[in-house]
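The data below hold one chain only, encoded as structure tokens and taken in the form predicted alone.
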């Protein structure tokens, strides 16, 4: 029996949904600790995230909700547990280091099961936190050959999400398809502006007055997956692109950690190429 859960509902909008769902909670003698709902008017799609407490069977609760609102609905009853994440990195330490420190301080509601990198620059940093570190060099290998080695290594781990903590390699469609909706990336730009390589140099050449970072789910379209979190900082004409890059590292790590927290708490719903974030 369960005594606390997050109930996530995604379905076509219809009259009386909140009433029907709340009635099921009442019939199971559950207390609603928090509740948020949203209707995307363009698609007529309904989203709801509820936290409930009480003794109940998660499977039965899910079935009763489906019976009440329609079998086409997507319903998830997520029992409280720390999700497992694996981190992919290259050589930049700021995003990875920030996640590791939050993990050590107990701020990150997750288990970090390992770090995989294509360089060994961050090995000593990771091992200070007693987390397994594996370096799979890409030297002399095609992208596909390297990815096959990474995929083989990933099979050794049980994880819910993969976090690209400044993993500066473009993933192939084959790789993405194996972990669809489970790969989170931090892009050093306020998307959709300045997609691709060296966005700070692109921003400098454009003369922007703000720079930012975007955390998003990875899809086959480079830097165009559903956006989870974004933020910006101000710059001016005195900044060259390297100054922008240095300043941007702070916002990158904050945005990535914020996005990761939202995902771990089951606050993010994906609709087409957008997100609903509670």
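Positions refer to the first chain, counted from 1. Please read these numbers as outputs of a predicted model, since none were measured by experiment.
Another form, the form predicted in complex with a further copy of the same chain, is not on view; read the next lines as being about it.
*Asks:* Would you say all of 102, 223 and 249 touch a further copy of the same chain in the model of the complex, counting a heavy atom within 4.5 Å as a touch?
*Replies:* Each of the three qualifies.
*Asks:* So if I measure heavy atom distances to a further copy of the same chain in the model of the complex, which of the stretches 102-110, 74-82, 165-173, 151-159 falls within 4.5 Å?
*Replies:* In short, 102-110.
*Asks:* With the partner left out of view, is residue 145 within 4.5 angstroms of a further copy of the same chain in the model of the complex by any non-hydrogen atom?
*Replies:* No.
*Asks:* Report whether the minimum heavy atom distance between residue 97 and a further copy of the same chain in the model of the complex is within 4.5 Å.
*Replies:* Output for residue 97 is yes: heavy atoms within 4.5 Å of a further copy of the same chain.
*Asks:* So in the model of the complex, does any heavy atom of residue 227 sit within 4.5 Å of a further copy of the same chain?
*Replies:* Answer yes; at least one heavy atom of residue 227 falls within 4.5 Å of a further copy of the same chain in the model of the complex.
*Asks:* Taking any heavy atom pair closer than or equal to 4.5 Å as contact, tell me whether residue 273 reaches a further copy of the same chain in the model of the complex.
*Replies:* Contact check for residue 273: yes, within 4.5 Å of a further copy of the same chain in the model of the complex.
*Asks:* Residue by residue through 250-270, tell me which have a non-hydrogen atom within 4.5 angstroms of a further copy of the same chain in the model of the complex.
*Replies:* Sequence-ordered list: 250, 253, 254, 258, 261.
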